[in-house]
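There is one chain below, alone, in structure tokens, taken in the form predicted alone.
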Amino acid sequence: MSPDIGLIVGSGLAALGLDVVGTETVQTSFGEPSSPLLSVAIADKRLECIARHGVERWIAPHAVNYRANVRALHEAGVGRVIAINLVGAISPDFTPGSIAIPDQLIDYTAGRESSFGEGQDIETRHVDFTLPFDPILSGAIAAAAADCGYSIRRGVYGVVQGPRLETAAEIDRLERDGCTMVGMTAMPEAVLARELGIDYAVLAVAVNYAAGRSPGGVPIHAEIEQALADGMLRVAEVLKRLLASS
């Protein structure tokens, strides 16, 4: 595993309990990132990290400056990014508290700046996006999870606009489209990383059953509170195992 790995962490930042050993406020040609560059220590290694939704304020998924976040990590020398995303579980065999590594995505978002060539004097690139997540990096994460004794859900990540959660009918539609999980932030993050040549993979935590899928009728927000801590403990263990072997 290359030492130039970085993290983008979403709403589970506090629950992940990262050891922040330094911060650096940066600006990019695409504006200010969601957070300073956070230097975090994991398994005796220091990684650059961006808090996707901010540190002291919460930035809604559709309002995140994804271009600045990805550009800041690129300019810091990061060549591989692991994104930590909270998702809703659509497939019945994917339960809250479990972790997943998506292989594919379907983008249902609208109006997000999804290329570094938009609004800048930069040539637009028609990048190959057949495989939106880097298979080698995803495989390394999966191997680390297996070493920790965790089974990993693979599948298709449906990216929705947010910040509201979905209706039951919308989840039915996503399932018909082939989605196994639903979240709000993998796009345009993944394609922006591809434009800059960054290897990008998602380590997702299911924190709730998607709308209309809870077998016990438990309210979604109650499920999130129950599953977040357990899921982030698993993520922290996987990251430690991954980085310890690099």
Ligand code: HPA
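Just so you know, these numbers come straight off a predicted model, no measurement behind them. Note that residue numbering follows the sequence shown and begins at 1.
Just so it is clear, the following notes concern the form predicted in complex with this ligand, a form of the same protein that is not shown.
**Student:** Could you tell me which of 72-80, 99-107, 165-173, 129-137 sits within 4.5 Å of this ligand in the predicted bound form, going by non-hydrogen atoms?
**Tutor:** Of the options, only 165-173 has residues within 4.5 Å of the partner.
**Student:** Is there any non-hydrogen atom of residue 160 lying within 4.5 Å of this ligand in the predicted bound form?
**Tutor:** Contact check for residue 160: yes, within 4.5 Å of this ligand in the predicted bound form.
**Student:** Quick one: does residue 64 come within 4.5 Å of this ligand in the predicted bound form, counting heavy atoms only?
**Tutor:** No, residue 64 sits far enough from this ligand in the predicted bound form that none of its heavy atoms falls within 4.5 Å.
**Student:** Any chance residue 84 has a heavy atom within 4.5 Å of this ligand in the predicted bound form?
**Tutor:** No - in the predicted bound form, heavy atoms of residue 84 and this ligand never come within 4.5 Å of each other.
**Student:** Although the partner isn't part of this model, could you tell me whether residue 208 comes within 4.5 Å of this ligand in the predicted bound form, counting any heavy atom of the residue?
**Tutor:** Answer yes; at least one heavy atom of residue 208 falls within 4.5 Å of this ligand in the predicted bound form.
**Student:** Quick check on this chain: which one of 191, 51, 184, 203 has a heavy atom within 4.5 Å of this ligand in the predicted bound form?
**Tutor:** Going through each option in turn, the one that passes is 184.
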